[in-house]
Structure formats: structure tokens, C-alpha cells
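Below, in C-alpha cells: the form predicted on its own, a single chain.
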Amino acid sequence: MSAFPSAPLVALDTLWLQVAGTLCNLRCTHCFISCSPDNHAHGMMDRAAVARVLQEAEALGVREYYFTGGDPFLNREIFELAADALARGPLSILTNGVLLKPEWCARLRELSDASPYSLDLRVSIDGWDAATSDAIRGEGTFERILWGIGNLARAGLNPVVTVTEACAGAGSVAGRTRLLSFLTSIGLARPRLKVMPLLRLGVEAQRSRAYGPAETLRGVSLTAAEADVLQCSSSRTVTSRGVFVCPILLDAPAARMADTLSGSLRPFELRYPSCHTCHVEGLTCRT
């Protein structure tokens, strides 16, 4: 009998696609899979590959889709990929925002208007000013991210702005209030904010600290209700290298579950320290 609990796959409701692999135009110092301009551990997914995955996902009852990376807007087929997903269900695209020029935001609005399903953009930033955010995401990125958010707003799209707790105090009531006030000040009339705990993997393990020995689910017994709310109980992640249990564990070989979605429909043993974060912090990568 294992010392670690397992998460059952209750239903395959959500599908993540690593459409940009681990390629990113930024080199953020808290990235849990160390995405960067030169990280090709997971490659780009082309339209034909994504189409095959979407077809299988639809047959298995998937109800919503997420595009991530790296940054999805580095994929030259991103608008075609988005249209294909939006023909089947709601889509969220996770991005750092710096590539969101006005004409691209206009195309996103057209895709949103043409689909019976919702299109969400999630833009990552790490503070309410350049001093806090640029220390994590790189010099000059704060203003570029605000430019991208502004272009989305002017196109009539209301992004979800994601902030990690690398921004000190972001998770407190005062921090959230300050962030919401800041988002209002930059032109988001109805700001949407998601604050994420840190995952102490990848380059984040060097920036602050790695997981400690006590941060584990060894010996923990999860109730059915606790297991059901874990993201891995209702989703899988597809990359150029196959199907992984979640978007957090792409660097863990044992988290690769199968070549196809159908082959990944089984429980997953929660032996990784990041599983502790998901359980204790109630972390979900969903919008």
C-alpha cells in the first residue's frame, strides 16, 4: 500500500494544452517549469496535433479548454487553434500580455463574438508597480503588460489578471484591495483578479526556496470530497510529449500518464510536494 493518497479521475471536464510548449519570451524568476526563450523541453503544438487532441477530448466529454505555455501567442497558429477550441467549448488563454498588440486583440474579440462559448484571457503580472513586478518578470515588462491589458480592454475584452504571492502581501485582504484598485485605475471597469500561491519548483526553487521535507502528503488520507476538488481529479494536460496529469508537473517524468487522453483516465498518486500546495492552499490553475 502506498504511503501517499491518490486522486481519482472523477470526470475529464477540463483539458489543458501546452500549445507553446515551454517557450516563452520572458524569463520570470518564479516560473515553476522554468519557461524561457531557450527552453525547448516541450515543443510547440501545431494545428493538426491540437485538432486530434480536441477531437478525442470532445468524444470523452471535455467541457472547457485552456491554452498555456510558455506564452501561447508565440505559436503562429494561435488564432486558428483558438477558433478550433471555441467551436467545442469555453476557452481560456494564459499569457504574460506583452505580445497583445491592438490588431491581435481585435482578432480575439472577433473570435469571441463568433463563438457560442466564452473566451477568457488571463494575463500575469506581479505587482501594482514596476518596482514589484519587474523584479520578477524582467526590466520594462510592467509597462508592456499594462499595454497589453489596455489593448484587451479597448477591444472590449475583460481579462482575468493573475498575481502570484511573489508580490508580497498580494494574498491579504489589504493586498487584494490594493490590486483591485490598481486594476480599476488602469481602465478595467470590472476588474477580475486571481491570486496564486507560489509553486516552489523550477527557477522559483532558486529565487526563494525549494519545498521542505514537511511539505508532503505522505501519510495523509484524503476524504472523497477533498480529492474531488483537486484539479487532477477532473483534468489532464497535453503537451508535445504526451499527456501529463497537470500543468504543474511537466518536468516530472512519472507525471506523464500516456500518449493519448484515453490512456490517462486513471487515478494519480499525489507524491509530489506541489500536490501539498494544491491540497493545503486549495490551488487550482483554472480561471
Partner chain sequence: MPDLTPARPREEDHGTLRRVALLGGIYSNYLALDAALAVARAREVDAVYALGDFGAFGPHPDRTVERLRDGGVACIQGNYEESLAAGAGDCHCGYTDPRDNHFAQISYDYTRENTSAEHKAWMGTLPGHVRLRVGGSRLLLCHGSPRRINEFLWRTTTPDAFIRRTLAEFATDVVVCTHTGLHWMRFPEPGRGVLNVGALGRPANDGRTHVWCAIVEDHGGVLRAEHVPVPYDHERLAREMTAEGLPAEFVETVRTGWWTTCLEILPAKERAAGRF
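Positions refer to the first chain, counted from 1. These numbers come from a predicted model, not from an experiment.
Quick note: we don't show the form predicted in complex with its partner chain, though the next part is all about it.
Screening 162-170, 131-139, 89-97, 74-82 for residues having heavy atoms within 4.5 Å of its partner chain in the predicted bound form returns a single hit, 89-97. Within 4.5 Å of its partner chain in the predicted bound form, a heavy atom is found for every one of 116, 193 and 222. In terms of contact with its partner chain in the predicted bound form, the residue from 254, 60, 49, 41 that brings a heavy atom within 4.5 Å is 60.
Although the partner is absent here, residue 243 lies well away from its partner chain in the predicted bound form, with no heavy atom inside 4.5 Å. Taking the partner from elsewhere, residue 112 is found to have a heavy atom lying within 4.5 Å of its partner chain in the predicted bound form. Its partner chain in the predicted bound form is not approached by residue 53, whose heavy atoms all lie more than 4.5 angstroms from it. Although the partner is absent from this view, residue 180 contacts its partner chain in the predicted bound form, with a non-hydrogen atom inside 4.5 angstroms.
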